[in-house]
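Coming up is one lone chain in structure tokens, specifically the form predicted on its own.
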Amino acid sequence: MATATAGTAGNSRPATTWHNWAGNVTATPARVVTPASVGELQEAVRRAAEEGLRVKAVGTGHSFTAAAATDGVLVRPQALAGIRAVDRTAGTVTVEAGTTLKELNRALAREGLSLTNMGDIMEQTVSGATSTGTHGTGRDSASIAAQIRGLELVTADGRLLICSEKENPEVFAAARIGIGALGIVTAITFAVEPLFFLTAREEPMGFDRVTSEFEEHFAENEHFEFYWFPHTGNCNTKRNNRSQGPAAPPGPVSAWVEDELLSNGLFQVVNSLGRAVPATIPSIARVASRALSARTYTDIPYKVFTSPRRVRFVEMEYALPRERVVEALRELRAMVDRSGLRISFPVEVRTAPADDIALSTASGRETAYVAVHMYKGTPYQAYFTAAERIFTAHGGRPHWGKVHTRDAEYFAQVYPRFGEFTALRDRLDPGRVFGNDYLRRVLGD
């Protein structure tokens, strides 16, 4: 097969095996392309379509599903990176698709600007994070995709669509969370605001108390989340609220103990021990869940919203109607307690307001998220299957980038605008240039 050259379809390399961050998904594409411009990307898509090859773009591989896997042309957008423009009057920033959230947030901070809300890691590219519905937690502020005000999309015929509420609005409405099914995003315009401070309050709390008071914590805080440690009645809560500042980050010793020693270094050791000797996990969980202490600190948003995550894992997350989450959590705890499962990772609970994006997990309803994790290399199927049974019984919608077993028939039931999205896909990509096995399962043929 001929190799593309820079200036035509971008730098191209022969087949290599690609794997995601967690190592649970691998793919061997026919070739890998790293376009240096939007024009090169357009040519790469046209050429692949002519050759009958599928095309998928992949960011940093932080999804746990095969959404980006392909046996055709794998596009690496890392050369399409950087901020194009900052419009202070409009309150927007336009950024290339291959830019990581870390790069974006640091650049915004230098400009005295910030996104309104963030997820808890910032290693992903902006296009990968938004395309799969990455979110943080918020009473009033929604996912990263909900902060999009415009985007550019290369379609299956190599055209470049400019999309916003005013230009190609029907594409914009869907493509903010497109799972890579509608085209390849090349640039995104986000709403931003002047840099502000958040004060974070982290506090241990019992499972029974945090679940019984869940609605109060949600109502009283701009950003509330908590972690429950299976095999225990212990949780750790985090409340983030805007403040006047000044910045008062954790001291270097406190930050190292909490974020490096406990959350990464010791946690890595504990999980390795648990994988080798599963019977030790409940005892370890009781000790680990009591190791974290209350602390309060203040900083700019991305330094509060995000944390380093170096212990690798596999994750499933479901979005539930917020009014159903406490019942589902209690069922999850009861299931773990009566099973022989050994769970070394905490369960994470977050919230989001309803939004208007067709395939957003918060589309049209107030939402709470429950995420379950297992340490990399540990069998996770039994735990995830039992958890998924609980979540789907409550009308849950799985995160597009995290492990699940649902299919198009299920999604047509839980997403009122599912048919709207698939009809748009039929129009933009009738030949399924951007298709793969995962999209066939979740969206249909």
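The model shown is predicted, which means the values in this text are computed figures rather than measured ones. The numbering used is simple: start at 1 and walk along the sequence shown.
Below, we turn to the form predicted together with a small molecule, even though it does not appear here.
For the options A145, A362, V185, V372, the residue carrying a heavy atom within 4.5 angstroms of the small molecule in the predicted complex is V185. Between the small molecule and the residues R350, R239, R342, R322, the one pair within 4.5 Å by heavy atoms in the predicted complex involves R350. For the chain shown alone, F226 is not a contact residue for the small molecule in the predicted complex, no non-hydrogen atom being within 4.5 angstroms.
At least one heavy atom of H135 is located within 4.5 Å of the small molecule in the predicted complex. Not displayed here, the small molecule is kept clear of G39 by more than 4.5 Å at the level of heavy atoms in the predicted complex. When contacts are judged by a 4.5 Å heavy atom cut-off, A68 counts as touching the small molecule in the predicted complex.
No member of the trio L115, R139 and K303 reaches the small molecule in the predicted complex with any non-hydrogen atom inside 4.5 Å. Considering the small molecule in the predicted complex, the lone stretch of 383-391, 46-54, 414-422, 60-68 in range is 60-68 [heavy atom distance within 4.5 Å].
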